[in-house]
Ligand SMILES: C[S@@+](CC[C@H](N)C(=O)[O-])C[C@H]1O[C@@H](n2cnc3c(N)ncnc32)[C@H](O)[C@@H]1O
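A lone chain, given as structure tokens: the form predicted alone.
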């Protein structure tokens, strides 16, 4: 999920649906005090838990669809890196277009998903939408150590 996260500079990193913070702490370690890390979580209880657990993260209780407004409220023109652990069922309407539109020109979007969902109609629709919204969509090899096994879509606005 984080291999494309830049190791230098001051990136704006947005995490969609951080839940308990499975990716939050690794993102914080990778950033090592650089950039901005904004986590958008729908559930207020989870937001409060995450804010206590990770005080260096800007935790926002909101829906992912409001990503552009969340960035604008913080004076940011776009996200450099968006990480999502949201389930495909959470994607309604034009969420992928919203994400792509809220990114910097060299932005990278990573989406975690379970291998067994890959052939389901929602996943096929999402892959099609990713390919429509982004210039380059790569699919990582399956991580068999993850239970259940999973992979990541790495989508870039500018080709790698």
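Predicted, not measured: the structure shown is a model, and the values here were computed from it. Numbering follows the first chain given and starts at 1.
Heads up, the form predicted together with this ligand isn't pictured, but that's what we're talking about next.
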- Note on the structure: Only hit among 130, 27, 40, 57 for heavy atom within 4.5 Å of this ligand in the predicted complex is 40
- Note on the structure: Only one of 40-48, 27-35, 100-108, 120-128 sits within 4.5 Å of this ligand in the predicted complex by heavy atom distance, namely 40-48
- Query: Wondering, does residue 64 line up within 4.5 Å of this ligand in the predicted complex on heavy atoms?
  - Reply: yes
- residue 85 within 4.5 Å of this ligand in the predicted complex, heavy atoms: yes
- Can residue 147 be called a contact residue for this ligand in the predicted complex at 4.5 Å between heavy atoms? no
- Is residue 21 one of the residues lying within 4.5 Å of this ligand in the predicted complex, judged by heavy atom distances? yes
